[in-house]
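For reference, the chain that follows is the form predicted alone, supplied as structure tokens.
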Amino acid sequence: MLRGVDLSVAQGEVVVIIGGSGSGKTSLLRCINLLNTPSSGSIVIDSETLFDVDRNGTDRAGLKSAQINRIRAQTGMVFQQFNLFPHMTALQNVMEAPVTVKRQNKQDVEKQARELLGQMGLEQHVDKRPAQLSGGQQQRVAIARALAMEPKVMLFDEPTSALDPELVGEVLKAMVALARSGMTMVVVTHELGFALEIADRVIFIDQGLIAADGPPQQVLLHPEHLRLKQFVGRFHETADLLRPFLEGKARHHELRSME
């Protein structure tokens, strides 16, 4: 349960949300586009009010469903599970919403869809169905599908958690490229290395509250909050355990190269 969360994200900013299981991070993400409906509070996207309900339950926005759907369409969402249509090709999955929901010209949409899939490194897979793609490829199709609706902000809910470890990197690489293109992004993830590299801000949620909010170097490398110290401590411990192995591997590669 979220409790008094107050969060603003600037245009072009990449905000990473971290926290333990059940802390409220996914609930916060889903509230942004009303997949979860808050009991009270307000949600504003690009100066347009999507939701505004006071503590007495009074709707101060008074929006009709068509208005709500139009504003919600400004957010793209990528989930843990890929949720692709199994009977459609990658290209058809990306084209479906712009053609069906926005009623855009099919030829124009196909051109855009091919470009988006190309940006995701999937030029050779446009005619394959989800079952013919790896998990990492399916998740990149899901990202392209969300981008096809031309959102103003992209929301990612632990997009790599359902992937095998060797496939995580290709999805994170696509997300890094998207962030560097200037897309506004809010990302729930346990990939703290990714957060350190690409986030403008890292937010730590604990028991429904924002317990820390700041630059990644501050939040991840110099945590002040006790629960945050415990949370990121596991990350640092893992890094410390891997460092001798990685250094040894690098040294081994160096010796092989010298031979």
Partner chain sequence: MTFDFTVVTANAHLLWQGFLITLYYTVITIAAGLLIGLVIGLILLSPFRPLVWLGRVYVEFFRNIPLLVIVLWTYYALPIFSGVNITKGWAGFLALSFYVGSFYAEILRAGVQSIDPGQTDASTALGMSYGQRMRRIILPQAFRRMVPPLAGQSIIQMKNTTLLSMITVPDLLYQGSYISCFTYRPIEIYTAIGLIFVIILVESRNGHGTRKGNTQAPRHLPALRQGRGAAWRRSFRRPG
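What you see is a predicted model, and the numbers here were worked out from it, not measured in a lab. Residue numbers count along the first chain shown, from 1.
Absent from the display: the form predicted in complex with the partner chain. The rest refers to it.
The putative spot formed by 69, 84 and 87 is fully lined by the partner chain in the predicted complex; each residue has a non-hydrogen atom within 4.5 angstroms of it. Heavy atoms within 4.5 Å of the partner chain in the predicted complex are found in one stretch of 133-141, 73-81, 178-186, 161-169, which is 73-81.
Just one of 30, 201, 190, 227 comes within 4.5 Å of the partner chain in the predicted complex, counting any heavy atom, and that one is 30. Site annotation in the predicted complex: the residue of 45, 35, 53, 210 reaching within 4.5 Å of the partner chain with a heavy atom is 35.
Using a 4.5 angstroms limit between non-hydrogen atoms, residue 100 touches the partner chain in the predicted complex.
Although the partner is absent here, residue 92 sits close enough that one of its heavy atoms falls within 4.5 Å of the partner chain in the predicted complex. Using a 4.5 angstroms limit between non-hydrogen atoms, residue 149 touches the partner chain in the predicted complex. Residue 96 belongs to the set of residues with a heavy atom inside 4.5 Å of the partner chain in the predicted complex. In the predicted complex, the partner chain lies beyond 4.5 angstroms of every heavy atom of every residue of 213-233.
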